[in-house]
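A lone chain, given as structure tokens: the form predicted alone.
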Amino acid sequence: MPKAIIDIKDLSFIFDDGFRGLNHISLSINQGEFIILAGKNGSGKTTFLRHLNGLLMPTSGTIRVNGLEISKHLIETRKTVGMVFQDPDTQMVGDTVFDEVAFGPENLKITRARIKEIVTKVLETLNLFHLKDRNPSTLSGGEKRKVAIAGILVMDPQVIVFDEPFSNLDYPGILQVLATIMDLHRAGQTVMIATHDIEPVIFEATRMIIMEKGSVKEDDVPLNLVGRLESYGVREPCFSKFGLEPQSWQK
């Protein structure tokens, strides 16, 4: 029986201007899933993601992470659910890659020796150690995205949430980030990706949730939903449109 890490019950969110961003969402996220969150701009994807680690709090309904309600257990929630934002530059605060990745553990008052150990391990795992002394601003888009992922991984989360991880990347950058995400999932990480670019991950994902106007409209195995994507304003992958077999982007 799969273990639910996140349980969401009747989640709604209304912005200060009265706009309803989320509308009575109920679902569970299980350990080891790889979920695509799809929907056109304004469908509520980012608003939903920001609830998963307490960056936004529900107007009504509840979210529990490992059985704990996030509003009462914010620190535990943010250790469990890490978020990689669409623009990695908004997360960069360190003068070097090493300092950037060490930022989270330093705020937890971990000893310097332990920080060096865990940061080195994560940088080596993501093939970033050779960049440890570089200023993050000098890196390529794909490298910046990987440094942002490293900054989340050092916190040892159970769930990693990505908001448009392939945006503004060239093809090599997409492959670089995709390989990193797939390595994380194969290692047992629970992954959720909000993306407009379904094609790179449709073959790899275990589940797809489609949102529209703040509501969940579809929730199924991804290949069962590809033919309905365009009715929700999301581009159908080329393989589906031309009647081809889906293939992994992994080399």
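Note that residue numbering begins at 1 and tracks the sequence as displayed. This one's a predicted model, so the numbers in the text were calculated from it and none came from an experiment.
FYI, the form predicted in complex with a small molecule isn't displayed, but the following is about it.
- Although the partner is absent from this view, Lys217 stays clear of the small molecule in the model of the complex, with no non-hydrogen atom inside 4.5 angstroms.
- In the model of the complex, the small molecule sits within 4.5 Å of a heavy atom belonging to Gly42.
- With a 4.5 Å cutoff on heavy atoms, Phe15 counts as touching the small molecule in the model of the complex.
- Shown alone here, Thr190 lies farther than 4.5 Å from the small molecule in the model of the complex, counting heavy atoms only.
- Annotated contact segment (heavy atom within 4.5 Å of the small molecule in the model of the complex): 42 to 50, selected among 61 to 69, 222 to 230, 178 to 186, 42 to 50.
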